[in-house]
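Okay, here we've got a single chain as structure tokens, the form predicted on its own, with questions on binding and movement later.
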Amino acid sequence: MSFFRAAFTIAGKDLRVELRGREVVVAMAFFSALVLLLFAFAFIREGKAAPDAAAGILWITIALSGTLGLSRAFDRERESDTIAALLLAPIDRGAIYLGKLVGIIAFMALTLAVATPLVALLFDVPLFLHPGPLILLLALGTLGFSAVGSLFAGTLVRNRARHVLLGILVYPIIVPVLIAGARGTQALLLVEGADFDAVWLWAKILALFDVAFVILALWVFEPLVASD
């Protein structure tokens, strides 16, 4: 089986299982809505949100709900005792990483379809005034977060302390993603008009991070899993 065919077979399997059970996406969407409501109560005073709060809150929500999705996506393999069979399959283990990455990106995209309009509504910000740049930032940021999270979630799947270790390992590395995503989104929401030069700068930083980390993850995933 070719590398990409194996990867998309694994991603398709995850998506089919999720369509039947809807465990991961529903949990992530509910958690995102709950986090945003808590932030709304904390930051909105007399019907007005704190200045520049919406961009940062959106990306914090992406990180928190995404971590929940990462954990559940790999827990399913552990609970059904299929992780060993998956690792023994006659395919490149990098294809396992890529397949899981595609599946997690799909889960997060569905969650963003809920979270982004909620941010615009609760914090009264024109997030959809420039949909193209916003979608680009969200796509690049989601890829970066998922690339980091998929690597560590996969290598920790058989570790009993994986839920604790996942956040400890992932969050320090995704700080550049959150900063670039938040600053790029904030540049779209300026009162005097969107600063597209800043948006493209932060988008380029996100793209460089994505390319570098996906290549690194494909390179180190197999030895990390083999040593587990």
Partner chain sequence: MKLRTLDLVFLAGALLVAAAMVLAPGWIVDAPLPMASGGMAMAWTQKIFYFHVPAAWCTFLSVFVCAAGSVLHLAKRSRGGDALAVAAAELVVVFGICTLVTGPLWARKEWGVWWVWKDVRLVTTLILWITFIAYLFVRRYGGPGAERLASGLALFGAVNVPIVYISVFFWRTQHPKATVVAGGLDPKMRAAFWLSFAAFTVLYLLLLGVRIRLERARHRLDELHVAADEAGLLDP
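Keep in mind that this is a model prediction, so the values were computed, not measured. Residue numbers count along the first chain shown, from 1.
This next part talks about the form predicted in complex with its partner chain, which is not shown.
**Q** Using a 4.5 Å heavy atom cut-off, are Ala161, Leu208 and Pro223 all in contact with its partner chain in the model of the complex?
**A** Verified in the model of the complex; spot residues all in contact, yes.
**Q** Within 4.5 Å of its partner chain in the model of the complex, counting heavy atoms only, one of 170-178, 60-68, 26-34, 187-195 shows up; tell me which.
**A** After filtering at 4.5 Å, what remains is 170-178.
**Q** Taking 4.5 angstroms as the cut-off for heavy atoms, does Ile10 touch its partner chain in the model of the complex?
**A** Result no; Ile10 lies far from its partner chain in the model of the complex.
**Q** Since only the chain is shown here, I'm wondering whether Leu165 would be in contact with its partner chain in the model of the complex (any heavy atom pair within 4.5 Å).
**A** Contact with its partner chain, yes.
**Q** Report whether the minimum heavy atom distance between Phe74 and its partner chain in the model of the complex is within 4.5 Å.
**A** Outside the cut-off, so no.
**Q** Consider Thr142 of the chain shown here, and say whether it contacts its partner chain in the model of the complex, taking contact as heavy atoms within 4.5 Å.
**A** No, Thr142 is distant from the partner.
**Q** Judged by heavy atom distances of 4.5 Å or less, which residues of 194-225 approach its partner chain in the model of the complex?
**A** Those in contact are Leu201, Trp202, Ile205, Leu208, Phe209, Ala212, Phe213, Leu216, Ala217, Trp219, Val220, Pro223, Leu224.
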